[in-house]
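First, one chain by itself: the form predicted alone, in structure tokens.
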């Protein structure tokens, strides 16, 4: 039986990934309660239709798409179910966004211990991918701060999981990319803060080795992140700018009520009070090419090297954390075919050599990254963990000639595997089953397949990423 014969045509949509590099026809459902999710699971099981779970659709790849199948958009399951401002424990539905979370808790003096680089994703989506922030070596992933969750499995069971109860499911539904079940409620521990500001230090580093060393040394702070000039060559290969930050201690902020007011955290709508940010992506588009990226990266590095080196200043938590939200719709500047992000994770002992080779090979292919970001990491216990005791390098590539870009990502995959590295499914659009098998290992894949056979015996949770990466 074809999908079109069992699903109503008014549900048929074309959906894209965040990078606008993939578009798929899907049947879109947007439930408001867990009972509706259960009904859709039954519909899919009876008619052998595949389902992809989707939060805010912020994945750079095909993790929230199911070509010709059902996409279950969970954004309307967005209630805050419980909040204790004394303990910092909050319970939410999966469709609550990062933005709603911080706006809800900040005035009481709390902040999520792990935040992604944008406030647009949902909590359910963040946990499905098990996101990390600019403090992964210190605070781990978002999943490390989950106290418990309830989930609905495709087999009809409703389960409650904690780090000690249903432990295997806990560490697999978190990071499982929506392939085992749906979160229906999530309870997390927030972090106490005494100011809405951070003390930030910015400085430039002349090459990749210095960047890696600074990122490692920066672990004495609460956050550390490096911007990498991926167009630089020769002795300046991998040069860039570092930002470290620390929370203010109690009593350091003379006006905590003001800085903790969510209204005072809002990002400005204009640049210098003149240019509406909604227009900025159109101007950025002019520089999204090899000469423009080289000029922009070089100018940024030189300005920071000469004018902003070792500059210390106060910055709001929102402005520091959610840099990707500073320019609305920035991803459209990459043009009609969009962009992909390639993020690799390398152990400390192979990171320098591997990242240098990644940058050189990208340049040799005539496809340098236009934006590079470096972070420090530590391992975790989740089934699809991307983390290592080492570093990550995230690179944004404009999609122009897809065949040429695929040749590049194939070459980069081999460099990462040779360095005993790992990958991140939330960012991926380039992995193949053989690469996945090598980085996850036979034992992890066998454990995942066993769990999936139990939780999803009809195998209805199948995203395009799942089909591409697991066959």
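In this text, all values refer to a predicted model and were calculated from it rather than measured experimentally. Positions refer to the first chain, counted from 1.
If you look for the form predicted together with a small molecule, you will not find it shown, but the lines that follow are about it.
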Item to check | Proximity of residue 121 to the small molecule in the model of the complex, heavy atoms at 4.5 Å | outcome: yes
Next on the checklist: With a cut-off of 4.5 Å between heavy atoms, is residue 320 one of the residues that contacts the small molecule in the model of the complex?
Outcome noted: no
Next on the checklist: Quick check on residue 183: any heavy atom within 4.5 Å of the small molecule in the model of the complex?
Outcome noted: yes
Checklist entry - Do residue 131 and the small molecule come within 4.5 Å of each other in the model of the complex, heavy atoms counted? => result yes
Next on the checklist: At 4.5 Å between heavy atoms, only one of the stretches 51-59, 405-413, 25-33, 431-439 reaches the small molecule in the model of the complex; which one is it?
Outcome noted: 51-59
Checklist outcome for this item: None of 177, 260, 387, 198 but one has a heavy atom within 4.5 Å of the small molecule in the model of the complex; the exception is 177
